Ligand SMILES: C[S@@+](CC[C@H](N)C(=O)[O-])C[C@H]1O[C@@H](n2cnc3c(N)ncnc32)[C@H](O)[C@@H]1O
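Okay, here we've got a single chain as structure tokens, the form predicted alone, with questions on binding and movement later.
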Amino acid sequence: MNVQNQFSKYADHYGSYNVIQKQVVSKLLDDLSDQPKYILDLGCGEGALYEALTWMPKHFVGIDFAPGMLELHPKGEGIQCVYGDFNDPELFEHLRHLSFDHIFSASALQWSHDLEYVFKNIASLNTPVSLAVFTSNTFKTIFETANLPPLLRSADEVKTLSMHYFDATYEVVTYSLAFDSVREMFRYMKRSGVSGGRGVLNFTETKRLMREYPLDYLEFEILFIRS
């Protein structure tokens, strides 16, 4: 399991808060050896994966449990946006009636209530996968500074769960995203969705963390799973 490091600079003029997610999507696609025509995107959001494709798939199915995100997803011939939660067994019952030649998930599976169950259901579709799962060293220094346990599973735990269901290759990539100010950094955390919307500190604790955080960047750790 190789570990790579990548560094980026965040700026408000990018006009969005999904800088890291876009880099994750780019890596998922760069690692492909072909151009699949029938694609399933679990946790498709507003369409970062679809928009990054350099070819036109015949059928693209995007799944998300946020209707607002599905409204923003690209529409058109061959694109099917489906409201669904990958924790729900009925979703996979529906998907088993469809045919795919590749399954993607760029930055959503870490929020699964039962990740092993989700891996089992994905594997039941008998389709090659390219999955990116954020893991416990995401925001590592923030949690250490705040004396809090990480929100996410470790890369080793995710890999162990995955190995029960996929004959896959594994790679951990760590990203660092730099900011001009601590306030800008915390605004990114709130709006990017990387934290899953899980507020764990009250106002006073957050102010203290902003004063004591020793870095000018955020850390991200992602486990890439390819089968």
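Not measured: the values here are computed from a predicted model. Throughout, we count residues from 1 along the sequence that is shown.
A second form of this protein, the form predicted together with the ligand, is not displayed here; the remarks below concern that form.
- Relative to the ligand in the model of the complex, residues 64, 84 and 107 are all within 4.5 Å by at least one heavy atom.
- Stretch 64 to 72 is the answer when you ask which of 171 to 179, 154 to 162, 31 to 39, 64 to 72 has residues with heavy atoms within 4.5 Å of the ligand in the model of the complex.
- Taking the partner from elsewhere, residue 48 is found to have a heavy atom lying within 4.5 Å of the ligand in the model of the complex.
- Using a 4.5 angstroms threshold between heavy atoms, residue 218 stays clear of the ligand in the model of the complex.
- Remark: residue 100 does not count among the residues lining the ligand in the model of the complex, judged by a heavy atom distance of 4.5 Å or less.
- Using a 4.5 angstroms threshold between heavy atoms, residue 143 stays clear of the ligand in the model of the complex.
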